[in-house]
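Only one chain is included here, represented as structure tokens and corresponding to the form predicted alone.
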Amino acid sequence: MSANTTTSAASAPAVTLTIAGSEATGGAGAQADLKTFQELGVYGITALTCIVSFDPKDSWNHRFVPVDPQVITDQLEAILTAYDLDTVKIGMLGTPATIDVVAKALQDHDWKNLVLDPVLICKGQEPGAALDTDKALKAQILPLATFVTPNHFESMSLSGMDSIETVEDLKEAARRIHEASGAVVLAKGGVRLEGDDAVDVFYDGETMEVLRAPKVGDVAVSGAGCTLAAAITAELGKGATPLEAAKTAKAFVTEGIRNRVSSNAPFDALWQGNAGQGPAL
């Protein structure tokens, strides 16, 4: 084989997997993850867990369709046989049955980096089904995570706190989640906390660091959470420390929010395409 068709081991990209749902408008989910992976220079793979499409005729609420568990198992079998993977991001799983098959695949593999974006509420489900999914995620996936990236609501749920109003509250939530899971935590305050800055709290059991960036608007942007976790995954896959990965990811997301994409939907979407070139990095 000629040199033109051979990629040397030294120049080969890190390979990262996302186990996540498809979001039809392209702003979040597996679509956001793969775009982030590409922009940050890693080779991205996805195993789809569900299909989510917003319903324009019903206030843009979620329409949620799970992928058959055997199909998820088949995807993961092919992926984990084809590649020597040590880095994975977990996004929306959506049902206890999906969590069961994903947890088994994760447990059967040796992961250096397992980044969990703990999607606890799937808006396309009935409340009872959503609660069952939340419980299964906390019991079966959270203990496997090496890094977890909860948003404001998820930080309250995982920490058992009734409210998170201040940076000190967010620090306490990060501390509690780390103690419960053993994972590195990046608890996201985003636009939910008062003040001019979007604040996230990093805690790994020793280092507690507040990451700040000026807010870009005061409304959440679709795909920001997915992209943040995917960027952390990409950076960890390339060998960054958890804190380095968190800082790079926050800068990447801030620039992506600044370059947001508008549509006929009542929400904007983060754009990863210019994030790697922006001043924040």
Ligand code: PXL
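Just so it is clear, the model here is predicted, and its values are computed rather than measured. Don't overthink the numbering: it's just position in the shown sequence, from 1.
Quick note: we don't show the form predicted together with the ligand, though the next part is all about it.
Under a 4.5 angstroms non-hydrogen atom cutoff, the ligand in the predicted bound form has Gly29 among its neighbouring residues.
Heavy atoms of Val52 reach within 4.5 Å of the ligand in the predicted bound form, making it an interface residue. Within 4.5 Å of some heavy atom of the ligand in the predicted bound form lies at least one heavy atom of His62. Although the partner is absent from this view, Ala234 stays clear of the ligand in the predicted bound form, with no non-hydrogen atom inside 4.5 angstroms.
Considering the ligand in the predicted bound form, the lone stretch of 239-247, 210-218, 54-62, 39-47 in range is 54-62 [heavy atom distance within 4.5 Å]. A heavy atom within 4.5 Å of the ligand in the predicted bound form is found for one listed residue only; from Val184, Val102, Ala198, Val119, this is Val119. For the residues Leu170, Val148, Val88, Met92, the 4.5 Å heavy atom test against the ligand in the predicted bound form is passed only by Met92. Although the ligand is not shown here, in the predicted bound form the stretch 18-34 places heavy atoms of Gly21, Ser22, Glu23, Ala28, Gly29 within 4.5 Å of it, in sequence order.
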